[in-house]
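Only one chain is included here, represented as structure tokens and corresponding to the form predicted alone.
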């Protein structure tokens, strides 16, 4: 079939799909049933202690400023005691490497095992890290004492000459949160605003009332300090988690949430800590389903898995950062043929893409979901990927006016 013929066939499928669409209430019928099931589910949260795992595992909790001050001072006293015993200046920290991480099916998330590592000042391999660790402990102590918060970027600029690169100070900050047994936000260091939210949601942020229906196309920036968010209220049926800013803007501008009651969230790519915390808080407070819209490629699924199962980098805090049971709404590999996405909008997968896709197929959390396996196998076999924006080949508003309504109407999520 010629390119012209394929485009005509695609347009014909789009027209047929439009005819399938029913009234708003009928479109939302299956979403309502899903929302009712989610609300009816008992709030049972298993803990690591209850599971009696063969490996000891480590998790962190939220701690107030006084508790963190106590932990920092205890850590420094232990270092001083080590020096007095003649054992040298050494920190003992949890090992955050991939080999010390474990996927727990009962919890459906990644956790950190309890293996420890040593960071000695007298060792040339760890000397610099020991110095950076001490400096950041000093800065965290100051922040907690003064009861103020700073961004990770602010922290980096306090000693650029020592840290050299922000990645160095960021990594040590995670090490310290793990060592002190607290969440990273408990250290009074937050990430810069990245994620945004729009739709049927109101909440109070540090005393100010926020209405996310009145935030324009750009949406409301998700607060870096989630502890200051309270009084969350919504009449939404579901949360729509969107991978990309472009798709978010399209849905916000079309006021998708007015016809289909929802809250739309994006982290504009790789999920940041604040967006993950905010999503979890919304899900726990409102008890409504979360549906995800990501690219049909291995990285879209990896981003989704970070929200659901946690990241390797922050496995120590997975209990606070993960939102289990997110439904994969689209764009799925099977959608490419089903919606007759034009060949020119389907991109060939690179060798790196294929390698990532095959590695995902080996992950325990993927194997636990046969439908995910099926979709990934289609992707790896066809060696084709597509972005959410490929749907724009049928019209700029096809995403909000046809694709998503049809998926919701058919309950086509996994």
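Take the two forms, find the largest set of C-alpha atoms that superpose within 1.5 Å, and that set is the rigid core. The structure presented is a predicted model; accordingly, all values stated were derived computationally and were not measured. Residue numbers count along the first chain shown, from 1.
The protein also exists as the form predicted in complex with a further copy of the same chain; that form is not presented, and the subsequent description refers to it.
Partner contact region in the predicted bound form: 242 to 250, out of 326 to 334, 72 to 80, 242 to 250, 168 to 176, criterion any non-hydrogen atom within 4.5 Å of a further copy of the same chain. Three-residue candidate spot 123, 306 and 381; no residue lies within 4.5 angstroms of a further copy of the same chain in the predicted bound form by any non-hydrogen atom. For residue 154, a non-hydrogen atom is located within 4.5 Å of a further copy of the same chain in the predicted bound form, even though that partner is not displayed. At the 4.5 Å threshold, heavy atoms of residue 149 reach a further copy of the same chain in the predicted bound form. Among residues of the shown chain, residue 119 is not one whose heavy atoms approach a further copy of the same chain to within 4.5 Å in the predicted bound form.
Contact annotation: residue 276 falls outside 4.5 Å of a further copy of the same chain in the predicted bound form, judged by heavy atom distances. In terms of contact with a further copy of the same chain in the predicted bound form, the residue from 113, 194, 302, 283 that brings a heavy atom within 4.5 Å is 194. Site annotation in the predicted bound form: the residue of 287, 338, 213, 98 reaching within 4.5 Å of a further copy of the same chain with a heavy atom is 213. In the predicted bound form, the residues of 385 to 414 lying within 4.5 Å of a further copy of the same chain by at least one heavy atom are, in order, 387, 389, 390, 392, 393, 396, 397.
In the core-superposed comparison between the shown form and the other one, residue 258 has its Cα shifted by less than 2 Å.
Annotation: Cα of residue 145 displaced by at least 2 Å between the shown form and the other one, core superposition. Core-aligned CA deviation for residue 334 between the shown form and the other one: less than 2 Å.
Inter-residue distance, residue 219 to residue 153 (Cα): increased by at least 3 Å in the predicted bound form versus the depicted form.
Relative to this form, residue 209 and residue 146 approach one another in the predicted bound form, with their C-alpha atoms ending up at least 3 Å closer.
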